[in-house]
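Below you'll find only one chain, the form predicted alone, shown as structure tokens.
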């Protein structure tokens, strides 16, 4: 929005010689508007003249300047953005200058769909040369709002269309070093290892990523994000989840230190249901913690014991754990 100083200095378009030949087009709200919007006189003035140039399809420098004034007052108006793109194409305007304008606008309106759509349009026209600047800009936005969906979506689009993969894994690592709970950074990391043309895909990164994730889980077992990430790493190869010796060892280490870790019990339940043959340590750990739950169940019925324990530990989702228990195949 314009500052108070710019509002005081505003000169109505009808008083500007440049617009003397244009007849403004008021908004048509019908003869009896039920709830008319209380527009400011400044906003009404700008929009009335915008409608005039829009109806006339005037693709001129002054029309471009008018769209700037209009967008500063309402950056969410998609019709203005659409018309601005028509004017820019017709005038072959400086796209770098346009990028500076939209970036400044986006800093104050970082969750505005129309602004991000316009940025994508600009990036497409500028090509690969825009990749670094766009990555720097989304980095700036994410430093202030780590979960900004628009910034993440734009960043992924730029990576796929214009490049910049070489530094992206390091960027994800940096974000996770700053905040290991940043689930958006975990999501981006998975996107990079599965989509980057430089890393060889998940099969090439799988072993090191499992180690990376286990380290993150041990750092804070009650952080759900790395547990979900670990499941994702095994999604395409569920057999390896059962045979990988790191998994039961991880679960034992966690449950010995934090026997009420819901995420560890949930993960153990999942791998048991997928066919993991538990060793004696796991059997004893489950029996020891669940001796008050399902005391009548057999020693081999570990999933039932775990579900009952989770009903007790996680009362918010008690109905879910009861449903899981009722659907176990013994």
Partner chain sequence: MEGPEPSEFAKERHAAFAEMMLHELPRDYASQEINRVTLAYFAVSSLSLLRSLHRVDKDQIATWVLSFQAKPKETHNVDDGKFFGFCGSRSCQFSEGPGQSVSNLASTYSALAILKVIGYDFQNFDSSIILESMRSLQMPDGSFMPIDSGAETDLRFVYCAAAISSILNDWSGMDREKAKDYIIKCQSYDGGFGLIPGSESHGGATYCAVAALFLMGFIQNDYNNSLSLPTSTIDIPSLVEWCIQRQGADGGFQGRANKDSDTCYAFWVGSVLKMLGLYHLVNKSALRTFLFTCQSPYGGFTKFPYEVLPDLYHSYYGFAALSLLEEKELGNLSVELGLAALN
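Residue numbers count along the first chain shown, from 1. Computed from a prediction, not measured in an experiment: that's the story for all the values here. In this text, rigid core is short for the largest set of C-alphas that superpose within 1.5 Å between two forms.
Form predicted together with its partner chain: not shown, discussed below.
Could you tell me which one of 275, 33, 61, 288 places a heavy atom within 4.5 Å of its partner chain in the model of the complex? Only one option qualifies, and that one is 33.
Heavy atom within 4.5 Å of its partner chain in the model of the complex: which of 270, 69, 301, 42 fits that? Just give me the one. Flagged contact: 270.
Thinking of its partner chain in the model of the complex, which stretch from 209-217, 132-140, 162-170, 80-88 has heavy atoms inside 4.5 Å of it? Heavy atoms within 4.5 Å of its partner chain in the model of the complex occur in 80-88.
I'd like to check something about residue 27: if you look in the model of the complex, is any of its heavy atoms closer than or equal to 4.5 Å to a heavy atom of its partner chain? Yes, residue 27 is a contact residue.
Would residue 201 show up as a contact with its partner chain in the model of the complex if we use heavy atoms at 4.5 Å? Flag for residue 201 set to no.
Answer yes if any heavy atom of residue 181 is within 4.5 Å of a heavy atom of its partner chain in the model of the complex; otherwise answer no. Output for residue 181 is yes: heavy atoms within 4.5 Å of its partner chain.
Contact between residue 316 and its partner chain in the model of the complex at 4.5 Å, heavy atoms? Yes, residue 316 sits close enough to its partner chain in the model of the complex that at least one of its heavy atoms falls within 4.5 Å.
Triple contact flag 37, 232 and 263 to its partner chain in the model of the complex, non-hydrogen atom at 4.5 angstroms: All three within 4.5 Å in the model of the complex.
Considering only 118-149, what residues come within 4.5 Å of its partner chain in the model of the complex, judged by heavy atoms? Read in sequence order, the residues that approach its partner chain (within 4.5 Å, in the model of the complex) are 147, 149.
Using the rigid core as the reference frame, would you say residue 36 shifts its C-alpha by 2 Å or more between this form and the one not shown? After core superposition, the displacement of the residue 36 C-alpha between this form and the one not shown reaches the 2 Å mark, so yes.
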